[in-house]
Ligand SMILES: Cc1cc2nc3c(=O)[nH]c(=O)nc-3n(C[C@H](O)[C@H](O)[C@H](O)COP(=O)(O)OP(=O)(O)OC[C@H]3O[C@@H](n4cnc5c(N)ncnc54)[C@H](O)[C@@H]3O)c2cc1C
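As a starting point, one isolated chain is supplied in structure tokens, in the form predicted on its own.
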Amino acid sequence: MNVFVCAKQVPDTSSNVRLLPDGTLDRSRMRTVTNPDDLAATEAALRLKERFGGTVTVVTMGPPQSEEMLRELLATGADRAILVTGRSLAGSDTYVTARVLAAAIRKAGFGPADVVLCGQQSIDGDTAQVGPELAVRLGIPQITNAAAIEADAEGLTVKSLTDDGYRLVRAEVPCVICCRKELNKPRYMNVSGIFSCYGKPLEVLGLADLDADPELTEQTVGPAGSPTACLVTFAEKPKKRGTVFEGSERKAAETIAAALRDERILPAAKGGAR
């Protein structure tokens, strides 16, 4: 069983979000992290490899600096990585992203006994669309909201979160599984992994290299090929600075209660007393 993991480098939402004049994120001026759900997918892939053998290949579409993320995932135990990059791919929506990732996975040798794992959603787009669209492109079944994965020689059993609780889904390979960050606790890089990651293959592909989908051209990717249109984008205004109430617990509670009464959040005390 070979496992392909789709990962994404996303802006760190705890840092300042910056926008370009066209409404897209200014990623060059923002701190980035690996999408949390994708870390869970990578950890699940490594556990499958440890039990059944095979390889783990991490695939991403993004700017050249995404190589840093891929090296980190190689350092945790992945065997190889693929970066699809190019200026024409910037601004692609989920439809185009899934199409590009599917072409890259096919080119990498995706077979009938293989599995694709990806995060349920990313913290920047938050659409949860790429995984299902990727399954459609590859022509294989999908399971979303994976909170637990059990595997045996016959296939996979996935505990999937639904609005009404959980359901157990049995699946044969090949399939796509969309993982939640609650699925597991991702492992850290170690010194040995950091040294070895630079000796592992990391292939950089351009649009012209994706011959598995000959219809991918500069006219069918990026904003021009994306059916999704974002009309308005804005950064959330910073919240007001909080107030610190000092003193004993009783004194602080009385001060807070008085402040809430002044704002008419609490009713006035009986007799007008505060």
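On a predicted model such as this, the values are computed, not experimentally measured, just so you know. Numbering starts at 1 and runs along the sequence shown.
One more form of this protein, predicted in complex with the named molecule, exists but is not displayed; see below.
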Is it the case that 62, 101 and 130 all touch the named molecule in the predicted complex, with a non-hydrogen atom of each within 4.5 angstroms? yes
Just one of 48 to 56, 31 to 39, 212 to 220, 243 to 251 has residues with a heavy atom within 4.5 Å of the named molecule in the predicted complex, so point it out. 31 to 39
Answer option from 155, 109, 125, 141, heavy atom within 4.5 Å of the named molecule in the predicted complex: 125
Answer with one of 148, 169, 89, 173: the residue that has a non-hydrogen atom within 4.5 Å of the named molecule in the predicted complex. 89
Close approach of residue 121 to the named molecule in the predicted complex, 4.5 Å, heavy atom: yes
Please tell me whether any heavy atom belonging to residue 114 falls inside 4.5 Å of a heavy atom of the named molecule, as the geometry stands in the predicted complex. no
Decide whether residue 93 counts as a contact residue for the named molecule in the predicted complex under a heavy atom distance cut-off of 4.5 Å. yes
Contact test in the predicted complex: residue 3 vs the named molecule, heavy atoms, 4.5 Å: no
